[in-house]
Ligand code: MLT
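Just one chain is shown here, as structure tokens, and it is the form predicted alone.
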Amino acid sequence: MTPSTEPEFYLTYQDSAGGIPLLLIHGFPLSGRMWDLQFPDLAEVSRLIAPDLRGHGSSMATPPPYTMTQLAVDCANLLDDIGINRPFAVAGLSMGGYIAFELFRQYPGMVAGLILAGTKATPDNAEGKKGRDAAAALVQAQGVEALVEQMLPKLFAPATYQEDPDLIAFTREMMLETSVEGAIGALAAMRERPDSTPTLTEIEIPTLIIHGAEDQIIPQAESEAMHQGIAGSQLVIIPAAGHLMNLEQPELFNEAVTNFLLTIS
């Protein structure tokens, strides 16, 4: 692992006990709380570590911009700090998937399994980068609240957004915990992230790809392309779920992840 060059920097995290370590990396602009519905089930087969990324949740914010390498090193340093010196599995949702790819590249031999949920290997195109810039400008001018209200309806299947006000309120509250620095920093990291498409053919470890059938942010074709590119990977499509399929259909999500973890434990 890479020693921290920021001695006062810290990440907050949740941790369970037992089994193969599974690092749960949240999406943008969320926190480790997005995995709350996974802990009761998955902790029976794995040791779960769910950090709040830099500038998100209760973790420390630093001035932007951030990079994917920086966010991956943060996670690796956390595992080192809590004494995990054996190979571990990584589950990343959306932005968390981009970090999972970076962990695989930066720490060869340490990642024992990959779970790529609601994410993609391709980088931002010109239009995507323009969207990141617009989102960063919105946060700078109006705060995180403006971005949250813009993003929130897109994170769920339409029926979920209309029929589950408690889940929507929980997600809104979690998103609002993201700092301005954290949001702008993460947007920069996503904007400049590398193309992970060449990495797909290098992945020879067990890999599970999960996609919400009604995801409004990442097209299903992206998950299918990763499945085709990663030899031996599994692809699970979660029905009646959008981008945050782990919150919308936790039982189906947990079942898929449990079955996968049992094959690599």
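Sequential numbering from 1, following the sequence displayed. Everything quoted here is computed from the prediction, not taken from an experiment.
Absent from the display: the form predicted together with the ligand. The rest refers to it.
Of 195 to 203, 44 to 52, 226 to 234, 22 to 30, which is the one stretch near the ligand in the predicted complex, taking non-hydrogen atoms within 4.5 angstroms as near?
Going through the listed ranges, the match is 22 to 30.
Using heavy atoms and a 4.5 Å limit, would one call Thr178 a contact residue for the ligand in the predicted complex?
Outside the cut-off, so no.
Answer for Met95 alone: is it within 4.5 Å of the ligand in the predicted complex, judged on heavy atom distances?
Taking the distances in the predicted complex, the answer for Met95 is yes, it comes within 4.5 Å of the ligand.
So in the predicted complex, does any heavy atom of Met151 sit within 4.5 Å of the ligand?
Result yes; Met151 sits at the interface with the ligand in the predicted complex.
Going by a heavy atom distance of 4.5 Å, is Val111 a contact of the ligand in the predicted complex?
Contact check for Val111: no, nothing within 4.5 Å of the ligand in the predicted complex.
Ile168, Ala121, Leu78, Met190: which sits within 4.5 Å of the ligand in the predicted complex by any heavy atom?
The option sitting close enough to the partner is Met190.
Interface residues of 203 to 233 toward the ligand, as seen in the predicted complex [heavy atoms, 4.5 Å]
Sequence-ordered list has one entry, Ile217.
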